[in-house]
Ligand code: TYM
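As a starting point, one isolated chain is supplied in structure tokens, in the form predicted on its own.
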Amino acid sequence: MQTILTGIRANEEPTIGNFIGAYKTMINLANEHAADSRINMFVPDLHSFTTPIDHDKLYAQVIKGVKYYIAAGLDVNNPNIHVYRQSHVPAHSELAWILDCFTYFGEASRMTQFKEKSEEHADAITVGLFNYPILMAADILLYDAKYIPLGEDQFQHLELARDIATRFNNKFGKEIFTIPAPEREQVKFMHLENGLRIRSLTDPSKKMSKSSTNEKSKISLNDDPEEAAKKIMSATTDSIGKINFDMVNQPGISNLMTIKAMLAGQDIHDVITQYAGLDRYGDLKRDVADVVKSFLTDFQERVAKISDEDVERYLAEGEAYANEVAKAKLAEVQRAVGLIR
């Protein structure tokens, strides 16, 4: 069985961009492939330390993150679907160190996300922030994952994982790691023409980031629905005066149409046709605001019905599975590099 793997950091409240680009995509793929694939929905809690966090809240945020998986439609009772915490599978950390020693400084330093986050957290740039793409490679390679649903900002990290795996296999003359599918196949697998990236409401040239300190730039999954609707109404657009779907020249307007399509379950082409050429930006904003308000109200009600105890039980089951698989792969690697016989 092939493995499909994805995860979302737990240290900040996810946004509707995370829901559209990760949760929604993964849930749809899980429902489509759970009969013949292993679905690994893990919580990358070790990645949480790459930027400043409130450590007292991390455990609760992890539990809430799993609730979001379930509320988004993940069938945690399916035997082929596994939910686990990265930190509860020690092989992730050990493999990351080994892969560090097969990763060149030059290729790691070219990661654009490190450069972007370094600017945002200029007073607290850590080695972990620089190094986390290699831990991400370990997250993927431990489970022989072929498909990794992710946002377009992570494709560069996926390519690094492919390069590391290929280098390791070539050095030791055996197929120890499964090479993840390349970007074009990942996009096709996710049924997306391009990697999906929901934009900031205040600066649509950038993605909507859950780590942003500008609350008006994002809509978090725990936002008050009425306040979220107000953020949509004040979203930055342009002065062109006609609605066109054009992510280069009209990214703000195009972003709003994308949000409406994805949260309302509409085909993006139908939304584009509905609004193309109209000159009343306010009408589009009101429609999007109503969709966002309705989505958040319904989603938050579903989250409230899931208990912490149920989440901890699902995690314990998933971590038993993950440790068994990861230990076996780590042992292959340890033999190859000479640590064990």
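Note that the structure is predicted; figures quoted are calculated from it, not measured. Note that residue numbering follows the sequence shown and begins at 1.
Quick note: we don't show the form predicted in complex with ligand TYM, though the next part is all about it.
Although the partner is absent here, residue 42 sits close enough that one of its heavy atoms falls within 4.5 Å of ligand TYM in the predicted bound form. In the predicted bound form, ligand TYM sits beyond 4.5 Å of every heavy atom of residue 107. A residue is said to contact a partner when one of its heavy atoms sits within 4.5 Å of a partner heavy atom; residue 225 fails this definition for ligand TYM in the predicted bound form, lying far away.
When ligand TYM is considered in the predicted bound form, residue 4 lies well away from it, no heavy atom lying within 4.5 Å.
Proximity to ligand TYM in the predicted bound form, taken as a non-hydrogen atom within 4.5 angstroms, holds for one residue of 136, 81, 257, 221, which is 136. Contact annotation: of the candidates 103, 237, 154, 217, the single residue with a non-hydrogen atom within 4.5 angstroms of ligand TYM in the predicted bound form is 154. Contact with ligand TYM in the predicted bound form, judged as any non-hydrogen atom within 4.5 angstroms, is confined among 44 to 52, 280 to 288, 294 to 302, 31 to 39 to 44 to 52. In the predicted bound form, ligand TYM lies within 4.5 angstroms of at least one heavy atom of each of the following residues of 9 to 25: 9, 17, 18, 21, 22, in sequence order.
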